[in-house]
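We begin with a single chain expressed as structure tokens, specifically the form predicted on its own.
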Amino acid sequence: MKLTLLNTPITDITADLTVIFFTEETFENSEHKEILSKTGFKPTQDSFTILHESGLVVCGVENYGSTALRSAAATVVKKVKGFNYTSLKLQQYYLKNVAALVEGFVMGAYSFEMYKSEKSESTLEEVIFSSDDFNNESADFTAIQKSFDDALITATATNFTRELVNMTPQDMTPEVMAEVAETLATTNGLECDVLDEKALEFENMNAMIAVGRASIHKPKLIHLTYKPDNAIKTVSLVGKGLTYDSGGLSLKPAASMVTMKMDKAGACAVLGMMKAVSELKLPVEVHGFIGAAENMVDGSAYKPDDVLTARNGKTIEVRNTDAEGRLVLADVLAYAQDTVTSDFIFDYATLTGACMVALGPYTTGMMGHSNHLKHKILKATAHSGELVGSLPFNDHLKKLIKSEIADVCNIASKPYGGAITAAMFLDNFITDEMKQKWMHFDIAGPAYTESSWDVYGHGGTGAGVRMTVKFLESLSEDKK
């Protein structure tokens, strides 16, 4: 499906269907109210009606804000794909909402059918945006065009991420993830360096090696680099890439193993971020670090009671092999800091079910030392379409990861504040110089869904991509 923006009045654009979004107020004043009321249409959020005879699609919204319009656009495209129309057209709903509408259509149209023997068919080929605004206000077309183009890049990168998350463990191994990164580097002008098991041993990344030791698919560390001319900042992004997590010797219950292909969502998000920033040509140097491994079981598996020495020299008592993502991140975070001097370092991981208990399944948990940085991130991501909630560090919780035989334990001694104690574990692998520049994002809740919500259908959501792009764009704005 193609999205097009035309500097043309909507009345001069030819399409099969015209899309109108109604609030309660605009519906009351609409020329279509009488006929729509007969269909039972009420302008509630995401309510939908199509008038085939007049080629009109209507969808309700609570207001003309980005969140409501994004969801409504996704509703429209999902519904219209079930009919035999080839094109839609619509007006703008304020310049500030162009990106939300683009994201709604692009992300709402996505479905994962790689493993279907029969693919679903849709005749919908094009969504055409008019430069007209619904209330006849004028807007700068150049500004509309930029918002449109940038949103299309970001939404496409998010769908790219979703596709990777949805791929099964036999098809997305650490080696394949490295190949995806190398292909992305070739197509998008990035640098790519991949460390295999021997290189990981040389780099003393013993925690990461232990996690992947029992798998026939050996771990890989991937480093992608985007270097623009005259970069204003340097940012490192670190992703947890557990291509499958059985729990290791601390074996998960069978029901909990289903969907564990999504444990690579942090790594996939970093790949999506690198795709987006390179295509947006942001004036920010960005490094993407990915720890790709598979947590499996055989006679060589690492065990509860093992003590691992991480890259930075810290020793880790293993009490649960299902707390493996933080072990991978420990080494990759240390490697990233040793390799690149950054203004910020962020990590992304489907790390804890506890984060869903704290914030629900739709919200990313944000943790770190700097309240100033948290505020900056929340401000930049407010209209990204992603929900972010901050969880506070607590010295009393820090005691729960104390080990009697090593520097730190990989799991807390009590089942409380699990998202926070996991982040506080990672804090052991952040240097003093980077403490105020680091932020941890637990995407365990929003990274994968088995029921539709917002713009998402079943599967990966691409959590992290849009909010991070917004933050990186805000760095450019700060410089102006």
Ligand code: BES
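Note that residue numbering begins at 1 and tracks the sequence as displayed. Given the structure is predicted, the values throughout are model-derived calculations rather than measurements.
A second form of this protein, the form predicted in complex with the named molecule, is not displayed here; the remarks below concern that form.
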* Any of the heavy atoms of residue 58 lying within 4.5 Å of the named molecule in the predicted complex? -> no
* Exercise: residue 444 in contact with the named molecule in the predicted complex, heavy atom 4.5 Å -> yes
* **in the predicted complex, residue 158 touching the named molecule (heavy atom, 4.5 Å)** => no
* To do: Report yes if any heavy atom of residue 220 sits within 4.5 Å of a heavy atom of the named molecule in the predicted complex; otherwise report no.
  => no
* Which of 139, 356, 231, 406 has a heavy atom within 4.5 Å of the named molecule in the predicted complex? -> 356
* To do: Consider the chain as shown here, without its partner, and state which of 260, 200, 151, 391 has a heavy atom within 4.5 Å of the named molecule in the predicted complex.
  => 260
* Where does the named molecule sit in the predicted complex: which of 269 to 277, 245 to 253, 205 to 213, 105 to 113, heavy atoms within 4.5 Å? -> 245 to 253
